[in-house]
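In structure tokens, one chain follows: the form predicted alone.
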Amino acid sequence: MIGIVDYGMGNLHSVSKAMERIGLPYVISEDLEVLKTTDGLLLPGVGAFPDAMDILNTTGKAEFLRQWVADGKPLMGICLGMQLLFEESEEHRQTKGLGLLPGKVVKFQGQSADGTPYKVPHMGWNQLHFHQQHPLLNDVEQGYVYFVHSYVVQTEDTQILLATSDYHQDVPAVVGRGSVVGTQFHPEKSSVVGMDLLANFGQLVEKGVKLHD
């Protein structure tokens, strides 16, 4: 059973519909006692980083998620949920994240190195480029997935970069270490590629496989 963490800032409807399409059992809950009974967690997210962390901190969910990962249980962040896995963000103000992965979240510059302006947010379909073998990516095509974000992860730890995309810079698209993984794009809106990736997460949860050493 996969728990979808409800903290008031996730696209729960589309995520739950994706789970139904691929036949994965799930429960949506804000209740930590309910979430404790599940085998893996999805942390979706839409909105601003500081607002999300305020909610996670005040409801006890931040510490719950840290302990969940410390216990080696699978956690997958989606979009803002992926960004929350990192140490801090500069969105609106400096805000500490969950600190489960090394790195910070910064705004797209809106201007290339040669001075050419580009649109922010990064919105629409973009191609994945895989950098490491990983069970989450098994039999997943290096195809196009759907992004909507104005802020991007920066990390010096290339070992956690499972896949990137290109939007005037390398964009961390799939990250992972230990029992933690995340996607900057929306797998639930990313057609076959996204469904295959979610299905792989479900299989890993079911088998109790550790995601990445």
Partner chain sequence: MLTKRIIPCLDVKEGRVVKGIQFVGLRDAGDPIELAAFYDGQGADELVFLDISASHEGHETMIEVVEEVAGKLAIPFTVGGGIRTLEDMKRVLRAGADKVSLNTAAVLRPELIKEGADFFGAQCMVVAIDAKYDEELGSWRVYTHGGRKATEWEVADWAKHAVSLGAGEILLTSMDQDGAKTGFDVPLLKKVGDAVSVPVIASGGAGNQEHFLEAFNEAGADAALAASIFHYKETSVAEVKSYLKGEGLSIR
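On a predicted model such as this, the values are computed, not experimentally measured, just so you know. Positions refer to the first chain, counted from 1.
The same protein has a further form, the form predicted in complex with the partner chain, not shown here; the description that follows concerns it.
- Looking at E156, you'd find every heavy atom of it more than 4.5 angstroms from the partner chain in the predicted complex.
- In the predicted complex, none of the heavy atoms of V27 sits within 4.5 Å of a heavy atom of the partner chain.
- Although the partner is absent here, S150 lies within 4.5 Å of the partner chain in the predicted complex, judged by heavy atoms.
- The closest heavy atom approach of W125 to the partner chain in the predicted complex falls within 4.5 Å.
- When the partner chain is considered in the predicted complex, only one residue from D170, D51, E63, D39 comes within 4.5 Å through any heavy atom, namely D51.
- Heavy atoms of no residue among N57, V69 and V180 are located within 4.5 Å of the partner chain in the predicted complex.
- Of the residues in 133-149, those that come within 4.5 Å of the partner chain in the predicted complex through at least one heavy atom are, in sequence order, Y144, Y146, V148.
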